[in-house]
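Next up, structure tokens for two forms of one chain, structure 1 and then structure 2.
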Structure 1
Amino acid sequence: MELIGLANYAIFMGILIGIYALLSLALNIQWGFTGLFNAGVAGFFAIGAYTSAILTSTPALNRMGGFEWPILLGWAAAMLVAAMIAWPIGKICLRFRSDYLAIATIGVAEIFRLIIKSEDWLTGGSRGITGIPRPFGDLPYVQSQLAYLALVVIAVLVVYLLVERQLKAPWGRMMRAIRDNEAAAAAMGKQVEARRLQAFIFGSAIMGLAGALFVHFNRSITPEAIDPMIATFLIWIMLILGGSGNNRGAILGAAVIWIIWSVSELLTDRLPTEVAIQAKYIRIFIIGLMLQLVLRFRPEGILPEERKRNPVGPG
């Protein structure tokens, strides 16, 4: 019995790790390969989650939507909407240094949180959206979980292979050139701004997809499901610790950090309630501290980018 419970927990963890791996890969496209600071990862994640939820869920009286679209169409729409929101933001901010993009993406995440909370007719307000279908949701519990795990693994694999292929192609070389020496790349006739915009939109779309995968796994979503700052931060530390600029590192980092994060939650949940709340914030403090330690002592991450010359981020 214990063993089955443990196996179930492992499958559950596997699915979430897969979703975080997608986010980490997406951030790697933006930060690892292009040097763009997206501080609103959770915002794009939430945009994808809500888009797919509204389009595929069953109709509800209290809000618009429940269009019962096929799930795959919902996923595609999640990517599309995330990309469409990324486009104007990137268009305005990518002309400048990445600091401005970081501020603007924090803004996107905050505004979207406001919308989720206050537009009841669209997002169900604080009650959120329920009745979201799940692929293979009719199977018995274990099979259904396994099938979803397979689905998530396929999504991660597809994105991983596509990104790897793209990076080996001339496009990838050009992106690294832009990141490492913008002036030289521009002098060689590369369209720096347009390329950055491409990477930003592409990464945001994958973040939207991750949101869609999350929402169909959960079958419901409420505003509390996503704490923008903490979620964004977890993904950042996954990428930096795993090794920005290395896709395998991004996936590894997602697994390591997510396991640490959930196991520490299991531990703190056993504490008495008065201490448990404080312990929750101590965990957040440690995540922040961990980033500082990685930046200081192992800035290239566990699996560094393969080319040694410029281990971290943009030059």
Structure 2
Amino acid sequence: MELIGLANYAIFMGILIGIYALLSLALNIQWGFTGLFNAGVAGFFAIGAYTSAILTSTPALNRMGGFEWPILLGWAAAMLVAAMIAWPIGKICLRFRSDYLAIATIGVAEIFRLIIKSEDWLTGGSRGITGIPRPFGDLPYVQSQLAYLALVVIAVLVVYLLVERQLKAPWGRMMRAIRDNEAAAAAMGKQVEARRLQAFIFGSAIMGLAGALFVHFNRSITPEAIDPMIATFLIWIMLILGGSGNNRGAILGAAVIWIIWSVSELLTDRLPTEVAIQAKYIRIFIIGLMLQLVLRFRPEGILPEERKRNPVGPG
């Protein structure tokens, strides 16, 4: 029985690692390849989660929703709404420098969080939304978990391959050029603002997809699920640790950080209650210490960005 429990926990962790890998890949598009400091990941994650929840959930009193859309349409709508909201935000905020952009995106994410908590007619307020369908939810527990893990793995693989293909195309080389030297790219006639906006919208749509996958996995959503500590700053740590500018590094960082985060919680839960509450802060300390060590000894991350070197001719 203990082995079965560990296997179920491993599947559960694998699903969450896949969802956070999508968030890390999305942030890598914005920061790793374009240099956009988006500190409002939680906002677009929440948009995707609540959009899919509202469109696919069962009818409820005193709350918008109950449309009972097919789940795949809910996921597509989550990406579309996140992209549509990212467009005006990007048009305004991407004009700022990286530090001001970070402040602006934090403010936008906080606005979304306050709307979610206060607008009961739309999001259910602090009660959140329940009755959200889950793919393969009618199967026995283990089979249902495995089937959902397969869906998440497919989503991560598809996003990874699409992003890799774009990065090897002229679009990707242009985004790196804008990141490394925006003035030089503009002098060469590149449409810097338009390209930066494309990357911002593309990454935000993937964040919305991650939110939709998360909400259908949990079958419910509350404002606590979009805590900026979990849905923004942890994603940044995953990307920095794994290797900004490298999609494989983004996925690896998501796996390493989430395993540490989850296992440390599992260990502290075994302690006496009065000690366990205080011990939970050790998780934050461990993650922070690991980030400091990486920044000190390997600032490029575990899997750094692969940069092509121009061959040097004779003489």
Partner chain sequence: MAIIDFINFYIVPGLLLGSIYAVGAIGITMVFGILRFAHFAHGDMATMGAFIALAVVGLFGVTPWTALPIAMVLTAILAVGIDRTFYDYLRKRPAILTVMASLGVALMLRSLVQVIWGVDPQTYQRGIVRPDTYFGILLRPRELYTFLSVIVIVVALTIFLRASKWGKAMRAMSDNPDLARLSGVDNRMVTLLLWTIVGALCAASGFMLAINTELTPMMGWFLLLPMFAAAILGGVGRVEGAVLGGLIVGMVEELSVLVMPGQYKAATAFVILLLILLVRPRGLLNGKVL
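Quick note, the numbers are simply positions in structure 1, starting from 1. For the two forms, the rigid core is made up of the largest set of C-alpha atoms that agree within 1.5 Å on superposition. Keep in mind the model is a prediction, meaning the values are calculated, not measured.
One of the two isolated chains is the form predicted alone, namely structure 2.
Positional change of Met13 between structures 1 and 2 stays under 2 Å at the C-alpha, relative to the superposed core. Once both forms are fitted on their core, the CA shift for Ile259 between structures 1 and 2 remains under 2 Å. A movement of the C-alpha atom of Ile286 reaching 2 angstroms or beyond is seen between structures 1 and 2 when the two forms are aligned on their rigid core. The shift recorded for the CA atom of Leu295 between structures 1 and 2 is 2.7 Å, with superposition on the rigid core.
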